[in-house]
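In what follows, one protein chain appears twice in different forms, each by itself as structure tokens: structure 1 and structure 2.
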Structure 1
């Protein structure tokens, strides 16, 4: 049975050459049974540290960790019943694939027969049934990754922890492996924490995403919520690409604000759970794919670069205010294109944009 995992008010302070570094700052989260929860954030924001505390490699400075309702904060890693997949795989170089996968089973004193059966099943699950006798250095990166996965899966851990498991693979294999990992995780119905700094990976594989920034939780939500209702400019900017336009609220009606920006007025959806009042300054998040040059009405600007990428054209448009807007325009033969230096008007779909209260820091 899949179990629930709870972190409450976890803080971790490292001592680094006499300085104290707050790597993780008051993180609380609950991973539901069988859920795939990804930690997403820029490098150095504390994702690995949270994961290592869940595993038991590090002890939190304060806060508690519950697995299936049990407090495991001070339980050593080898008695936590977790599976950890390392960024560098950490296969034992002096053991064959079989021995690597059998390692944890031998610790648990399974009979030789059972070990043989379970290792076989584990390797079949990851599609490496024939590699038992080989050694880690005879495997490709993707194969090593599968062995590392099989090695923890045969133990049927209560919680599966993965720290950027795909970051050392090439782009194609990465995309293949992420569906594979997701399939196995769902098939085994195991609660999984997955660390990544790749938003594509997070958006495609997760039930929910936790976005971290400087040791803090910025937002926890489903991929759709994170994308369409970013709670902060940091999240908006980190997930996908975003143009952030300053504006001013003229009136509020239901959830929709009339916002004046760049001399025009647009109806824009206000972000969930925030109250807006007329006169407030807002930042409007406009995705590049929902804003495009047009010959009709729109915000005035000048094309500063135009790049053809095959499927689409990317424009950078300089506004009179000095801000540069990024726009992705799907390309079809016969469609009008613009050249550098041409004056242009930008049209966007206000319903796919969202307004956040201003006075927030942007990503550093």
Structure 2
């Protein structure tokens, strides 16, 4: 039965040389039973440290960790009933696939009959039912990752933790494996925390995403919420690609702002939980797929680059202000295309954009 995981005001401070470094700063979250919750953020943001505290490899400086209501903050690793899939598969090279998967079961003193049954079921689950006699050096990277996953799953952990498990695979295999991991996680209905810096993995695999920056939580939400309704400029800039246009609020009515941008006025949604007033400076987030060059009305610009990618054209458009706007325009036979150096107008649907307070940090 899937369990709920709760982190309450978790903080972790490390001593580095003579300085104290706050690697994780007051993180709280609830992972629902059977949920895949992904920690996303740049290197050094604290996501792996949070995962290691949940596993028990690190003890929080302050805060509590609850699994199904039980406080496990100071419980040893081997008593938490947690499975951890590492970035480097950590397989025993001298052991067969069968023995690698059976290792944890033998440590827990399962009978030989139970071991054979569980290993068989685990290898079947990850699609390696006929590979039990092979050795790690006879497997591809993807197959080794499957063995590492099976070794954890046969122990039937209450919570599954995965730390950048696909980072050592090539791009095509990563796409395949993320689909497989998601399928297995849903089939077993196990609560899973997944760490990655890859936006594609986070958006396609997750029930919810927690975006982290400098040890703090920037936003938690579904992939759609994170992408379409970023709560900060950091999230907007980190998830996908975003054009961030400076503007000035002229008026506010029912959560919709009248914003002056590049000499034109647009109605734009204000980010939730923020109070805007006339005269305030804002940054309007417009996704590249929501803005397109046109011969009609819109923001004036000049095509600086035009790249054909089969299903779409990618344009970089230089504005009079000196800012460059990125536009993804779906390709259709017979549709007008633009060449470098041509003057254009940029048109976008204001309902697909969002305004944020301008004095926020964008990722470095």
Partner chain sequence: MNSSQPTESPLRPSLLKRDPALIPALAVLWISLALFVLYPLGRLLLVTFTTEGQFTFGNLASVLDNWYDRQAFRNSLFLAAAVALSGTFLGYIYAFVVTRIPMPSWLKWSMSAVTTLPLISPPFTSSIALTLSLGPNGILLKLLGIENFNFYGFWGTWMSETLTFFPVAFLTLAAILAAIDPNLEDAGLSLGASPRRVFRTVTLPLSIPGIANALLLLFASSLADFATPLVLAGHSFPVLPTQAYLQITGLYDLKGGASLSFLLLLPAMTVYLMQRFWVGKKSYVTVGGKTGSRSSFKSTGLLLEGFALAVCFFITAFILYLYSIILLGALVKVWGVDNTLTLENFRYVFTHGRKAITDTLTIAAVATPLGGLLAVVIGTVVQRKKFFSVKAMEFTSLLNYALPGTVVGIAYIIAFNEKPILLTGTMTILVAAYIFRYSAAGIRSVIASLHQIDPSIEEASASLGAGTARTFFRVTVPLVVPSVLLGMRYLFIHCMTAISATIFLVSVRWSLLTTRILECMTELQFAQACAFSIVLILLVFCATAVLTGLTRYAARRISGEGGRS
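Because the structure is predicted, anything quoted here is derived from the model rather than measured. Each form is matched to the other, and the largest set of C-alpha atoms that superpose within 1.5 Å is called the rigid core. Numbering follows the first chain given and starts at 1.
As summarised for this chain, the first structure is the form predicted together with its partner chain, and the second is not. Relative to the superposed core, residue 57 undergoes a C-alpha shift smaller than 2 Å between structure 1 and structure 2. Core-superposed comparison between structure 1 and structure 2: the C-alpha position of residue 69 differs by less than 2 Å. Once you line up the core between structure 1 and structure 2, the Cα of residue 28 stays within less than 2 Å of where it was.
In the core-superposed comparison between structure 1 and structure 2, the CA atom of residue 335 travels 2.6 Å.
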